[in-house]
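Next up is one chain by itself, shown in structure tokens, the form predicted on its own.
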Amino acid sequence: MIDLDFALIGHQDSWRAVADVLAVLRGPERTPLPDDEIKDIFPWIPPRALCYVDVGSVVGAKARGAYIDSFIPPDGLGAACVRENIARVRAAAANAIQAGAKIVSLGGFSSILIEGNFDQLPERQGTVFTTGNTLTVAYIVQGIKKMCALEGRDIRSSTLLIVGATGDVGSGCARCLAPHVRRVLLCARNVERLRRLATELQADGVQVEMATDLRRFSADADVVICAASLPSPELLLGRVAPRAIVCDAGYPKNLSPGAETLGARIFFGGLGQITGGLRFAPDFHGILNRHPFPNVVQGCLLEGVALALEGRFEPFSQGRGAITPERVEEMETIAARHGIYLAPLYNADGPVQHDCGAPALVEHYITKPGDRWIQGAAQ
């Protein structure tokens, strides 16, 4: 047993990312595998730890963890593969438990597959699990407010549309933002869950509409959060206001590359940035965190990191419907205390910029040469 502070369970969202991971594991001296061969061998790779992860806090705390990939195929996230994918998450969780991780964050579809039902996981022997969704919600909400400020929008006069509203992330965003907007539109597949959430918000005086079909809504939503559990980028937003602010918080992304968004201001949400130091051993920088800025990581994974730095080994986020504004504020305070903040905003075209051509409004952090380790792989 290695006795780690934390473990991060994730998966790759594209075959390009899979190829890059395998290239690091095989070493630079080996010729890269062709795409068809990668797809042939991938289903036979069991979940395993790819690397150690060392994180520093701005107040001097340090934590060591491991990144464990469940090796779920990027095109195998659909309903037909649920049973096999749950088995992979369970095996990844067993890896984390065996390594002695005190807290484990479930990234991407890992938490969606478990749905907060941690009883599906192996006997935990003192290891606790968190979905990480509370910190994800915190960074989505912060990103929405920042984009409104950059665009000169008054969020109080906005109509907020949440796609995937009844999920843990979507409902958490609804509770946090509903008091600050004019009207809320809720879209999800499950009618009963929609009704429960709508009733909850209406009890607090929020003006709410709900639908299972996006086409049912009028085209005046000017702030949109996409947090649906989609296996691939397939969401088409056809009924939103021109130049709407759109947060794509899906992993994989929700928005279809061919979506007509009428000049919408799109950004990728739910991401945080570590400013106290992040090291991978072996070096997976830019592969496991494929972002245009240094040390940016998904909020769901960062929740476990922040709790480990804080010494709070507890299942902070446990499942659908428990994320409240108070819990979000508590979690973002813990993260900020250790120098983990909202990541600079960006989209598929790069950093978010003003239309006037001003430089990208992002924070710049310097990555020192010593911040990258090239030591032996995790076992």
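Bear in mind the structure is a predicted one, so any value in this text is a computation, not a measurement. Residue positions are given as counts along the sequence shown, with the first one as 1.
Omitted here: the form predicted in complex with a small molecule. The next part is about that form.
The small molecule is not shown here, and in the predicted complex it never comes within 4.5 Å of any heavy atom of N295.
Interface residue remark: G108 is counted as part of the site for the small molecule in the predicted complex, having a heavy atom within 4.5 Å. L186 falls outside the set of residues with a heavy atom inside 4.5 Å of the small molecule in the predicted complex.
Using a 4.5 Å cutoff between non-hydrogen atoms, C300 counts as a contact of the small molecule in the predicted complex.
Shown alone, this chain has one stretch from 280-288, 156-164, 201-209, 174-182 that lies within 4.5 Å of the small molecule in the predicted complex by heavy atoms: 156-164.
Checked against the small molecule in the predicted complex, the residues D75, E115, E151, D220 give one hit for a heavy atom within 4.5 Å, which is E115. Distance criterion of 4.5 Å from any heavy atom to the small molecule in the predicted complex singles out S229 from the list Q142, T261, T275, S229. Not one of P47, Q98 and T127 places a heavy atom within 4.5 Å of the small molecule in the predicted complex.
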